[in-house]
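This document starts with one chain, in the form predicted alone, laid out as structure tokens.
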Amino acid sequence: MRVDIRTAAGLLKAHDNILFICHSNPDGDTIGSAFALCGALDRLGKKCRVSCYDRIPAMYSFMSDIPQSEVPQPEYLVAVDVADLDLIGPDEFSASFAGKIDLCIDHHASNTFYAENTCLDEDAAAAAETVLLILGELGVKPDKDIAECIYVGLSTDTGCFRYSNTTARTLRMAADMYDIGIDVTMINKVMFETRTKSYNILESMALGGIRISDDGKYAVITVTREMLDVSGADENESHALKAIPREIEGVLVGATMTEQKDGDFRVSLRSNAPADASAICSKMGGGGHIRAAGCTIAGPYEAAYATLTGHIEEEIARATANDR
């Protein structure tokens, strides 16, 4: 059932021993939103904890000041920024949560409504926007720690407020967090201006194999298991690669294909107008937003690449039909 902000807040108030679940390969929005909720409910005397199948990247370690409780037997499961149950983790892991998610707080139009209750705002730039509104209904004014979490969610899902999903509300919310006293300079440096040595090695390897279409309208970067092994980077470090293909002049669709341990490829798409990234990924069992979406394609590589670029070419042809 779809619920509004007030109802979502009421559900959180009515329960205890809450587990907030992030999506796998976590980003700043899923982590920041979950920790913000955890911090707010802790102040209301609730026992809660944040859970993620994958290791939370070290760059988000400054959010560890948010208090968490031991929740050995969760009574209420809340997925945050998770559009589809499959995104929680590998098939066997995510399947164990089937029919058990009590509440989903999300902003993806592709949400599959797998939870008993879903609080969804497709117009929000980040789940953190919805979370901040829920905090208001809970009567919790963000302190510095919670405000940092909200700002991380807002800034990372908007590319530090550069992407087209950024709205006036997004900027006002970010300004409100700034007024609370967060260290915006530190957060922006950590999120957007700091790269590990292993990432730099991975980036140079990945860029060396970039494939650009003959007409220059799409570009694909591939990250193989060998690249990860040689560079010493883990998959969580590769987030910054996702924006690179779209930044090439003339490119309408940029893709990053990351090889998984089972040989499949996790695909991250970024698009420029008028191409629709979500429309492309939805044809391959994924989804997301118009300008940012994702999916998983079965290997081997050349077959996966052909499948992906075939759908990209179809979308570009559709989107640019009126330009001919």
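Take the two forms, superpose them, and find the largest set of C-alpha atoms that agree within 1.5 Å; that set is the rigid core. Residue indices: 1-based, along the sequence shown. No experiment lies behind these values; they were computed from the predicted model shown.
There is another form of the same protein, the form predicted in complex with a further copy of the same chain; it is not shown, and what comes next is about it.
A single residue from the set D143, D176, D234, E137 has any heavy atom within 4.5 angstroms of a further copy of the same chain in the model of the complex; that residue is D176. Shown without its partner, this chain lists E247, D91, D229, E75 as candidates; in the model of the complex, only E247 has a non-hydrogen atom within 4.5 angstroms of a further copy of the same chain. The candidate spot formed by T166, L171 and T194 lies fully in contact with a further copy of the same chain in the model of the complex, as each residue has a heavy atom within 4.5 Å of it. Proximity of N272 to a further copy of the same chain in the model of the complex: non-hydrogen atoms within 4.5 Å are present.
Contact check for D84: no non-hydrogen atom falls within 4.5 Å of a further copy of the same chain in the model of the complex.
The closest non-hydrogen atom of R162 lies within 4.5 Å of a further copy of the same chain in the model of the complex. Although the partner is absent from this view, T118 stays clear of a further copy of the same chain in the model of the complex, with no non-hydrogen atom inside 4.5 angstroms. Stretch-level contact check against a further copy of the same chain in the model of the complex with heavy atoms at 4.5 Å: of 120-128, 107-115, 75-83, 238-246, the positive one is 238-246. Once both forms are overlaid on the rigid core, the distance between the two CA positions of Y199 between the shown form and the other one is 2 angstroms or more.
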